[in-house]
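Next up is one chain by itself, shown in structure tokens, the form predicted on its own.
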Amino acid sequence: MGNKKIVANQKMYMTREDIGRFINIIGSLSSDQFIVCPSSIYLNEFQDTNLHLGIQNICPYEKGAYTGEISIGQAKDYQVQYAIIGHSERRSFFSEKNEMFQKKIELCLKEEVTPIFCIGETKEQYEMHKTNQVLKRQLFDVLKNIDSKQISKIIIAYEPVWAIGTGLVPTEQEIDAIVVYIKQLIKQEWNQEVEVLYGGSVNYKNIQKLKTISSIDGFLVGGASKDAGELLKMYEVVVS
């Protein structure tokens, strides 16, 4: 579906000094195929750049006494257009559940912020050949009450948990089969088409191969997004 995207999830890696160097190298890039998701505390640093912005997490409530959270309205004040929802690190380290992801996605859609909904299986589930079963449950549990007309506004990110930050990557054939499966599920259940990104140890060394998987609509990049030079080279590979 259209040109491939790169979504840079900078996680909790970068300091203000790092961000300054990053912006000096890549801040003039203006493309709806390239989205940067910095730590929320640094969103203000990006306001004078041409970069399209996302946020790494969002509160499921619009406003109120939720200490430490960031509301969708606050994010939009900083021109945030995308929100990562359901990342495995939110699931495992902060015990976030599907019910919360559903609320976050509904809120994003209401406020016209594009949700990037992450799904993926663990190493144990992968080895037990339960990947499709796990992904189907994650999709259906979270999206079951979403208006079908809204489904195409959601981006799905397939990130096998065992590939995140490990250097391990499924084969191109495995990724293609899973992405096709996700798209077929969405088509069968909601009669909609969605963009599906791949994430999990994506870097400059492997993106040339990964780019050849025609079913993929882009990449969710984690650790490699710290390095503006590498990220820029990855973008050039994807758009070439």
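Keep in mind it's a predicted model, so treat the numbers as computed, not measured. Don't overthink the numbering: it's just position in the shown sequence, from 1.
The same protein has a further form, the form predicted together with a small molecule, not shown here; the description that follows concerns it.
For the three residues His87, Gly200 and Val221, a heavy atom within 4.5 Å of the small molecule turns up in the predicted complex in every case. Interface residue among Met100, Val134, Ala163, Ile151 relative to the small molecule in the predicted complex, by the heavy atom within 4.5 Å criterion: Ala163. Residues placing heavy atoms within 4.5 Å of the small molecule in the predicted complex fall in a single listed stretch, namely 87-95, out of 109-117, 134-142, 70-78, 87-95.
Among heavy atoms of Glu159, some come within 4.5 Å of the small molecule in the predicted complex.
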